[in-house]
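In the form predicted on its own, a lone chain appears below as structure tokens.
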């Protein structure tokens, strides 16, 4: 029986994690639940699962020591606060972290990578929950990466894959949030539409798996059946495949190194029914925000933190109706050209860069909103 703390329990990943727990009450006991602001759903979850602690983020729940008194912490919070969760969990001795927050790695950069690497040597498992990174993790299982040539992340293309980018300026929020293959929260759905999500996944893959910039490629795969591919030096390609279902990587992160039947994982792929799996290049002309993510990764230092913070502010402004969809690019671009780069040496330096980026983003949003 493993004690699980789910941070961000009312979001998409959090609720699906609880689905896994429901199916396997003999394996898991919920010890803590936290949420950003959905007090009603958090209360209902607490009544069902009876954790020792539950609380809201605004009430400083993420810093409470009892939250990290667990065998597994599921980091499913949204935004750069995920870096604080990662740091807290590692420092408090949590042995297994199911990481569903890419901003923790994107914002943390070299600092987060070193922190994870140092704790891995002490027997701590940080296991990605994103379907693409879970796929890489599974493809590399049992291989230390010495013979790895590159990884290929797949992208569904989001809701605007076939849309002329010149017609995207005044798209409605409802169109942006309608992802073709996954049911996700508003922030990540918007990031999928701009392809910032995929750009951040490239950055996360670099730091999480210790890859060089040139070892990471992206290809558009609309069916979302192949989640990532690992290519080795002998020409072999390993791909992880499943029907789109986030409960599969969630369950794997909870039960690693074992597997359990859950969600659609009990349903094998009907290859005859699929008929075709298609692939195409990702167009940076159609998705210019992806280019900004690459730019931040190549710059290194605190620029990936600036990217994550700027995107968070821009997406929040879009969802609130303060800016147009295409202005998300304008805000991120302005911030990356405003922030002075320097090494991401420690947590404090990263937090200073985050504050600067948020301030620059807010200033640009005000200018656009006049």
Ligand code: NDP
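These numbers come from a predicted model, not from an experiment. Positions refer to the first chain, counted from 1.
Keep in mind the form predicted in complex with the named molecule is missing from the figure; the text below concerns it.
Shown without its partner, this chain lists 77, 86, 135, 151 as candidates; in the model of the complex, only 77 has a non-hydrogen atom within 4.5 angstroms of the named molecule. Residue in contact with the named molecule in the model of the complex (any heavy atom within 4.5 Å), chosen from 218, 161, 246, 139: 246. At a distance threshold of 4.5 angstroms between non-hydrogen atoms, residue 341 is out of contact with the named molecule in the model of the complex. Looking at residue 81, you'd find a heavy atom of it within 4.5 angstroms of the named molecule in the model of the complex.
Among residues of the shown chain, residue 101 is one whose heavy atoms approach the named molecule to within 4.5 Å in the model of the complex. Proximity of residue 185 to the named molecule in the model of the complex: non-hydrogen atoms within 4.5 Å are present. Only one of 37-45, 314-322, 341-349, 301-309 places residue heavy atoms within 4.5 angstroms of the named molecule in the model of the complex, namely 37-45. The three residues 13, 57 and 62 all sit with a heavy atom within 4.5 Å of the named molecule in the model of the complex.
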